[in-house]
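Next up: a single chain in structure tokens, the form predicted on its own.
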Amino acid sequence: MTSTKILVPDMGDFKDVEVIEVLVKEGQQIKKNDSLITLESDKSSVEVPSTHEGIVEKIKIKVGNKVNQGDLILSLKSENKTEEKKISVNKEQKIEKKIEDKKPQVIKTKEIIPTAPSSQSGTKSASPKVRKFARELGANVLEIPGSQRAGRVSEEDVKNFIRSQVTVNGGRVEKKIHKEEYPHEEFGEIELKDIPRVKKLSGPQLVRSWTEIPHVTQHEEIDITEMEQFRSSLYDYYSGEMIKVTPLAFISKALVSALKAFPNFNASIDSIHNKIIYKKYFHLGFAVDTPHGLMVPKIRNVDQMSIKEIGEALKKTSKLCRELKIDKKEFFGGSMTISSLGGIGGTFFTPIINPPEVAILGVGKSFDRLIKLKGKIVSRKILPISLSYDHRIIDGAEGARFCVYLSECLGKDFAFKLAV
């Protein structure tokens, strides 16, 4: 047995290229040209093949390492003995030419040339985009059956694989668990707790949303100075007491107005019959933070409520959720959901759509900003929002127009109108 070192080949102008996959294991028998590792730069991705056959003796790199030409990938044990001989300059040039012919082709796009998968090396053909998509969802591309030519894995294959991890057994939803290579307790002290029931129930819904809906999120900053001034000036005409109304009530009223102007946001997709369902009602969902987990109940017919009535409905519904007294049906049949972090903090985030709805509005904590207005420096109240929508039915231009319309509804010209 002789030991052969496999090095990173010449990659042209690319340096410090990241290893995103190690495709072989120690003790594994591989053949010449079997893929060993996958390298990915910001411009290309390529699988590095073996220049020899043998048994993997020792792997010297791991996922996340940055490598350059000449770095040691692994060592192979081979039965074919080679004798070191002195060769002429001409023969050296011939050998270098052969090695040059075996170099992996660096592709100037984010695609890899399709290659047939090897059952021995465990390689899998997939584009860098698909590999990254699989990694983000916690899936191993080597475990995903490829439906494309030569077993190539597509993005749809990844989605189907993720969906297959959630199965129904006797009416009970079960998730296939991938066992970690090393137990957590091997690295230090841990504590085990049960997953709250609400989070167990919402988990499959979140997986469904993230894997089936192509999310797009747009961010906007809305000037709500006049709205806040009006809100803080509300009082009871008879008692003279100040009326406290949450900003969420004003946002809800503005959102209903936007849904009327942009009906695609108040819709659902019927994938079975390939239809779009347009809703004529306006039932808004609100993400409620409870000790049991996040709940998203609906408030019905918000378009028929005043600002004060919406505020009271929010308080009542939130209380029922925290006490676990709300009816199950109240979590269904919504137009669009509002997820507000204003009471906690933060600005922008990416809210996940609550299917079968096609959009969700994320609301951050408002803040003061100094701006120049009519030649003077003034303080204005700014509200950050994050709008996520289903790109299958809503395009970017419509999403942008929706944000602009919402800004106008909450701005100077519409603040008083919404309170009626």
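From 1 onward, residues are counted along the sequence shown. This is a predicted model, so every value here is computed, not measured.
Although it is not shown, the form predicted together with a small molecule is what the next lines describe.
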Original post:
With the small molecule left out of view, which of Val363, Ile30, Ile37, Val358 would have a heavy atom within 4.5 Å of it in the predicted complex?
Top reply: Val363
Subject >> The unique member of Ile195, Leu192, Ile344, Ile272 whose heavy atoms fall within 4.5 Å of the small molecule in the predicted complex >> reply: Ile344
Original post:
Want to guess which of 389-397, 22-30, 364-372, 54-62 is within 4.5 Å of the small molecule in the predicted complex, heavy atoms only?
Top reply: 364-372
**OP:** Although the small molecule is absent from this view, report whether Lys244 comes within 4.5 Å of it in the predicted complex, heavy atoms only.
**Re:** yes
Original post:
Taking heavy atoms and a 4.5 Å cut-off, does Leu294 contact the small molecule in the predicted complex?
Top reply: yes
Original post:
Should Arg300 be counted as a contact of the small molecule in the predicted complex, where contact means heavy atoms within 4.5 Å?
Top reply: no
**OP:** State yes or no: in the predicted complex, is some non-hydrogen atom of Ser318 no more than 4.5 angstroms from a non-hydrogen atom of the small molecule?
**Re:** yes
